[in-house]
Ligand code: FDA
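Only one chain is given next, in structure tokens, and it is the form predicted alone.
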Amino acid sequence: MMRFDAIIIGAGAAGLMAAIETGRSGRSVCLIDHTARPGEKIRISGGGRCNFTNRELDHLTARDRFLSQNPRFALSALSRYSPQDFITRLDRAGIAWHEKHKGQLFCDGKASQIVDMLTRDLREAGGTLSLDTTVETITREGTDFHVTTSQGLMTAPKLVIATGGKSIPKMGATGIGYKIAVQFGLSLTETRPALVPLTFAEQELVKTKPLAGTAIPVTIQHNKTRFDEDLLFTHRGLSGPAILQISSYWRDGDPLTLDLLPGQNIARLLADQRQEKGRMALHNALARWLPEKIAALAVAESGMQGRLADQNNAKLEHLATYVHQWQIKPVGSEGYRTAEVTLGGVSTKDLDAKTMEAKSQPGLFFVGEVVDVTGWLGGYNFQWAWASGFAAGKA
């Protein structure tokens, strides 16, 4: 039997951070994972450069940029471990980074630098990393947790669950953290894929498949939620940052509204061109502002045809509804296979916001994606992982 002060299950971003801070406090800690390498999601994220945090995140933006049944839950951990705290960590390690878009920070080099930094910090903190280690059973006897693994029995008075969600199962996601939560009497909120491409029915794909690979900046809206990001047409439907962002809010059967030319008035622009370019086919005239294939689709959807000179102002306003208020209705998503994160999870009402400890089970902690806290695209979910892991490790 191997005894530690703390056992942490899951060697992703949150688990690594929790293990490092636990070790730095002078406690013996074992970080276990069933995969062969730690931090795999860190390695592959951001095209291999890891969008590790977002500079725009502060106490005010956090209220809007994290989804949860209790959006305020995340504020405590996020306020005590900020984006600047992690940036300082990278700077001290000599890891170069840059800001790409809307506060999103990426490594200049490979994301594996962050994994190497964290595993080095864990070693220096005296922590034990046990990979290729499968959890078989977890029981509690008095104040101790007994974790039976493929490497033998481990015990500790503190147990941290950092197993992530269900997203990207090919990387080893299993949803085991939810089973552990239920075993110990904690409740779950509904889980579903988030930050995920959306799919169309076959009749819609007939129209949009020819556009596959075409990207365009749009404004996308679902009820009162809107994003100004790039949209990408795919062979199965739609992707790109605009779709990934809105997918966290979208539900099956909900319509979405797209503005394909935000900040412009296409009816007025076309009317101004009518005298000079009147002989042009309508879709060619529209292609001055939109990619040719998208312009052709918008004209076809509007049911209009002929030359620009043939269109009066009313007809141009009609076309404008398909450019600025294109209504789409996806039928589903690509699912956990490509989802970047899992929405929902261990209910925040059962956790202490300051320590991430289960209120009904002293010594049991849940951190990172397994908790019902999901951030926007753009480094927010990694910052939640760092902050929640830090909070549990300090506790």
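Bear in mind that the values here come from a model prediction, so they are computed numbers and not experimental data. Numbering starts at 1 and runs along the sequence shown.
Below: the form predicted together with the ligand, not depicted.
- Only one listed stretch (150-158, 121-129, 222-230, 165-173) carries heavy atoms within 4.5 Å of the ligand in the model of the complex, and that stretch is 165-173.
- Of the heavy atoms in Ala385, some are within 4.5 Å of the ligand in the model of the complex.
- Proximity of His34 to the ligand in the model of the complex: non-hydrogen atoms within 4.5 Å are present.
- The ligand in the model of the complex is not approached by Ile20, whose heavy atoms all lie more than 4.5 angstroms from it.
- The shortest heavy atom separation between Glu334 and the ligand in the model of the complex exceeds 4.5 Å.
- Looking at 33-50, the residues that come within 4.5 Å of the ligand in the model of the complex, counting any heavy atom, are Asp33, His34, Thr35, Lys41, Ile44, Ser45, Gly46, Cys50.
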